[in-house]
Ligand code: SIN
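Below you will find one chain, with nothing else, as structure tokens; this is the form predicted alone, and questions on how it binds or moves follow later.
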Amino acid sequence: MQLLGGLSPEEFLKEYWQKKPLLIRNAWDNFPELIDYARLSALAQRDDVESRIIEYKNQCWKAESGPFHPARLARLPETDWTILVGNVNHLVPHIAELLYQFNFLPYTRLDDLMISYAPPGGSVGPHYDSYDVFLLQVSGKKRWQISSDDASGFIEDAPIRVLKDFNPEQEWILEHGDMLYLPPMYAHHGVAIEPGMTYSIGFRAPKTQEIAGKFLEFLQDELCLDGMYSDPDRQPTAKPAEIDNEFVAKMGEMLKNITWNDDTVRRFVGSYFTEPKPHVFYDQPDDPINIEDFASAISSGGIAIDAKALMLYESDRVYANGEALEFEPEALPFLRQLADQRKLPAADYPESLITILYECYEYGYLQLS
């Protein structure tokens, strides 16, 4: 793959993925258009977009969260700041297409494409991430230093995670189209030499505590336990405020009824990993066409998953927007194709498929091509 410097996905995953960094010169040059600072700053002014400004000023790190007023952006100095905009793949079609070039990895891991712009001196400081990331330089030049030593800890009271001590082991200057892959926990420090963009392709790596909490929330809606507390052999007590051992034991027995199996976990994974982020809202069609015209439109032009939506499947289930879809069995192979390729070509499809696609279209999860 051009994207991996000539390595096959199998070679990359075996030799580098979550193991060691990889610098790829001329990784990507297929840019239908470049996102310039004017367009990125316009996105940072929207309230449905996650954005930040990070400045290094008077020997201190400062961070602000958007949306930003144009007057605030106009006050930015000539050097030593970075503006970051997340989930640009939700907003710009060719950015979404670039993100899904990484589909040699499962969508359960693929997160988003964030774009940052920095003038000379702009940086977010030396730090490390708990997830895999590809850093693609787009226009301009940036110096990247990396280190396998991440043990120094972060500067206390800083608004962002910046390492106290950073001892670089390797250094490169990335130019337009160059890309650096970094595995989790690999310290890195990027400083802009010339004004330019960095496209950061990040991967989901939820913490065990987060998964456990979300799974327990999922179980709340799944559980349907019979019975209730009873104590027909209760004896009088002289200590009414005491939580006695018998009561604790009965509570423990009741809680043992909370069980799950592999099927429960599968349904949780499908729900959790298609659930939209808090700031994501779907644009339902203002004047949806009827189902007959919808079928005709797919027959002539096809259909695609909305850039903000994700569809996953396992076994005979298909999930979208945190929910399992209900459909006839003959629709399953087409839904799997839609989930994998994020689109279906123009064709005449069975009525059972059109029915579930139309439902997703009304919710704003699908867009007619």
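We number the residues from 1 along the sequence you see. Keep in mind that this is a model prediction, so the values were computed, not measured.
The next section is about a form of this same protein that is not shown, the form predicted in complex with succinic acid.
None of Lys141, His127, His90, Arg267 but one reaches within 4.5 angstroms of succinic acid in the predicted complex through a heavy atom, and that residue is His127.
With the partner omitted here, the residue from Ile95, Ile146, Leu84, Ile155 that has a non-hydrogen atom within 4.5 angstroms of succinic acid in the predicted complex is Leu84. Contact annotation: Ser271 falls outside 4.5 Å of succinic acid in the predicted complex, judged by heavy atom distances. Shown alone here, Leu135 lies within 4.5 Å of succinic acid in the predicted complex, counting heavy atoms only. Note that among 256-264, 197-205, 169-177, 99-107, the stretch whose heavy atoms approach succinic acid to within 4.5 Å in the predicted complex is 197-205. Contacts between 83-118 and succinic acid, taken as any heavy atom within 4.5 Å in the predicted complex, involve Leu84, Met114, Ser116.
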